Each structure stands twice: as structure tokens, then as C-alpha cells.
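Below you'll find only one chain, the form predicted alone, shown as C-alpha cells.
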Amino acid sequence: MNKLIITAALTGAATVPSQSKYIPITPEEIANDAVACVEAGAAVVHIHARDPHNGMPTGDMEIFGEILTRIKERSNVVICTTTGGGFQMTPEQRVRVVPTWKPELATCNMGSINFALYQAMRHLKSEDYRFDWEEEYLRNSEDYIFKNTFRGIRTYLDFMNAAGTRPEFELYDVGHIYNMAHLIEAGVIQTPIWLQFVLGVLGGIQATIPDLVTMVTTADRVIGRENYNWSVIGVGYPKEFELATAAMFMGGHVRVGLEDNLLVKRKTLATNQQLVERMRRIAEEFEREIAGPDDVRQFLNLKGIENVGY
């Protein structure tokens, strides 16, 4: 598809509220950001939930349901829910959003990695933390393994298939491409597939253009270019925009948002809307048309907003 798909990842579980006052926390804030991002040019929003009282990542299905319902009432955007969850969540908690709310799109992570956030503590003093859980949350990530086993991946896909939810596969390193090739060969994953190359997590491949080239060329060789379409996530500033711009010339699509990057310019905190607006401006400089939600539905063969469970 010649049109560029912009995904906005609104809140995530890899940041703490003390890092930016613009991270949306409550269902209302997350929904407001979703609508603003669609107006700015996003066709897809990626959704995590947070406890509205303290901003901690949560798998509470009522909170998820409120977020999804609020967005749907105001927008026809494609919603991609997480199954990544937070550090304390079990696999059952992580995937529960799929059978409960039956979204059009949901993430499926393709391998286990160290997933470390503790370097963020260098920029925060003890008195800077808004909530008691945040400092320990970041510190404990030094010992955190983001677990995604072959059995777990099969389980997630079983739930997605039953709900009519299309998987968005998240690949954090080159080995995850080989994991995917194994599951395609085993018949667990059917092509064509939709990928997000996630670059820049401490514990995975890093956010450089040579690393992005490595991911794409490896996927071309191992999976086959005809069998997948892709988008890129660059964690941090300016990596988010560097990789997104490169992706546009390499046949890919892009994700921006406060889950991945907190700055719109050096030393300037961003809102989600500002990140989408900047990405759109970059695309328009190169005369790239921006995809809308219905373009994405057709391109990815999604079941349609009328068939979700919220």
C-alpha cells in the first residue's frame, strides 16, 4: 500500500508517570489522546491500560473496556490492544483482553528478551516520583525477563483466532524472525502477516538504521518479502523519527507515541498528538499520502469495527 500507516502508541507500560506529565493515565485521558491522534493523522492506536488512581499498568478488564468504549464512541480508528501487559502480569492476564473485548488487532510478541527500563532512573531523583510504585518498578526491571515462549505464542494465537482478532507480531531482535519462520513452517502462523520491528529496548536490537536494515533483509530472506508487511518502532528520541523516516523509503510503516518516546524535540516533552503531527509533516514533505482507518482495515483484512466486542 502506497499510503503510510501511522500507529500511535498512547501510554504503554514501559514508562512511569513521573517521566512526563503528558502520559495519559485515566480512560478519559487515553481516549482523548486517541481521538486527537486520529485527527492528527493516526489510523491505528495501540492501547495499554493504567490504574486511573496511580498510573500503574494494569490488566483490569473493566478499565480496558472503558477505554475501548470511549474511543469507539468518538472515532472509527483501528484499535490494537496489547498482550504485553506489565511486569507483574501472568500470560493469562496479558491475553485476557482478546477473548473479553475481541478487538480488531492485538499484539503478539515473538520471543523472550531482557526488557530493562532502569536506566530511566538516571533522570529522576527520589523526590521526583509522583507515586510510590514507580522507583521500584524501574529498578526491578534490571532483573526482568519479558517471557514469550513458543507455547505462550501458540496460546495467544489460539485466543486471537477464536475472537477473529488479527495478530500484530512484535519482533525485538533478529532471533524473533527465526521464531516466526519456525511457527509459519509448523502451520501455527498463516501468511501474509503484519509485523512491528521494535528497535531500541535495552535487551533487544538497538535503534539504528543499520539494525533496521538487518531486520528487514533478514525477514526478506527467512520469511519472504511477499509474505509480510511491516512497521517500525524506534524507542527514544531522536530514534523514533530517524527510523520512521528510513522506513518510509524501505517499504514500511511507522509507529510513534509516548509508549516509545517522550520528546518531540530535544529537551521538549511531547504530547501524543504532537508526535503524530510531526510524523505526518515528515511524510508530507516526501509527498506520502496518509492512510485512514478504513484503508488499514482493507489492507490488513480486519474484521471491521462492527464485529468487536465493545
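Predicted, not measured: the structure shown is a model, and the values here were computed from it. Position 1 is the first residue in the sequence shown; the rest follow in order.
This protein has a second form, the form predicted in complex with ligand KMH, left out of what is shown; the following refers to that one.
In the predicted bound form, ligand KMH stays beyond 4.5 Å of every heavy atom belonging to V16. Ligand KMH in the predicted bound form comes within 4.5 Å of no heavy atom belonging to D33. Under a 4.5 angstroms non-hydrogen atom cutoff, ligand KMH in the predicted bound form has Y172 among its neighbouring residues. In the predicted bound form, ligand KMH sits within 4.5 Å of a heavy atom belonging to H48. The candidate stretches are 159-167, 224-232, 75-83, 122-130, and the one lying within 4.5 Å of ligand KMH in the predicted bound form by heavy atoms is 75-83.
For the candidate spot formed by T7, F64 and E104, no residue has a non-hydrogen atom within 4.5 angstroms of ligand KMH in the predicted bound form.
Using a 4.5 Å cut-off on any heavy atom, the one residue of 244-269 that reaches ligand KMH in the predicted bound form is E259.
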